[in-house]
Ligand code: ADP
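Here we start with a single chain on its own, the form predicted on its own, put down as structure tokens.
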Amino acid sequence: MMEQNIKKVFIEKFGTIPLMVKSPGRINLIGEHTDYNGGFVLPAAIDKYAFVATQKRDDEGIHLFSVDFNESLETSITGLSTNGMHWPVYILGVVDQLVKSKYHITGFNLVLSGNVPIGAGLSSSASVECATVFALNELFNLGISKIEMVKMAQKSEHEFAGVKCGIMDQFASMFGQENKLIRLDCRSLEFEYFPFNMAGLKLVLLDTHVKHSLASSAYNQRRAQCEKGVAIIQQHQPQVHSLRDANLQMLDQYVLPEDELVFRRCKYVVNEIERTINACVDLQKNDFISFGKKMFQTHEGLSKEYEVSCAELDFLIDQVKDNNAVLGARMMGGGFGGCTINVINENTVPELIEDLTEKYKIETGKNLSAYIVSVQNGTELIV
């Protein structure tokens, strides 16, 4: 087991028994590109983790080791440096936030390992940040609340990694609960758990192994288009501060005559916010047929109106949309690559994965990876 291995590595390297924490990656069932528009998201923590083993030092030194990359880094609290390496960014970003927030910590040793697939849109970075902040909070008895840890992890990604992520990834990693989805209000940060009882069903992620270079520029462009839509509406309805406050009538009346493209972007978001709310009603009724249909509708909107899909993602959705064994599927994440998320009857999963892997290879020349995941608890101590 991975936790046994990381403990063994830590003891061999540093000669003390570590404090250990695991923090999961996340999926988002519905509510895509709604977070920066003040809307709702419906994420969950999954059974793929970042594992951290750590212990105090009696100096200011920070000694890090990544099992997966077989790399070490030595730096200090007073002169945080990643030495050009990528993986320490997510650990040292958290240290940077603790120091800026005037929390008293000394140096520490830390070993990192994980099985959250990197680059698949499952928030491997957020899992490392949450594992680190949770571990250091325990190690130095800092008394930081979970929500503050989430905000700190997000801020570390903004300021140290230079990625302007929303708060969903860190929130889901920290607050996940087994067999439950979290409806998070991205405006107020109020949240509620909804049952996710998948008897007879499996969650399958299909990884396209595609990461198109236009993802980040297109993301910023979509944000700007949503803001433009809000600005147009505000001229007539000053109480509208985000697309969360808008409705389709406002879009038809004010945005469509001025900018058809901005109208399409905003229409997707307004529909998706409503879809996420209605999907929670489906969950309360245990109605996965209706829930799954909404997932397909989300993909259609992301592909045709928001235009953040790509040929590989659309191909995978087209292959399953008329398959009765697949209740729902859509692209997940920022877009232009990454995974599709699929709700599938469990007895058909091996055959379906085999079939799609073959077809995907013929269509794209690329290999398809499949991850079968379950919904689990968020960040916690390993005892």
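Heads up: residue numbers just count along the shown sequence, starting at 1. Small disclaimer: the values here were computed from a predicted structure and weren't measured.
This protein has a second form, the form predicted in complex with this ligand, left out of what is shown; the following refers to that one.
- Per the 4.5 Å heavy atom criterion, this ligand in the predicted bound form is contacted by stretch 84-92, the sole one of 300-308, 239-247, 195-203, 84-92.
- This chain lacks the partner; the member of T208, S125, S156, S173 within 4.5 angstroms of this ligand in the predicted bound form by a non-hydrogen atom is S125.
- Contact with this ligand in the predicted bound form, judged by any heavy atom within 4.5 Å, is made by just one of D68, E358, E351, D318: D68.
- T75 falls outside the set of residues with a heavy atom inside 4.5 Å of this ligand in the predicted bound form.
- G107 falls outside the set of residues with a heavy atom inside 4.5 Å of this ligand in the predicted bound form.
- Not displayed here, this ligand is kept clear of Q97 by more than 4.5 Å at the level of heavy atoms in the predicted bound form.
- Within 4.5 Å of any heavy atom of this ligand in the predicted bound form lies no heavy atom of G166.
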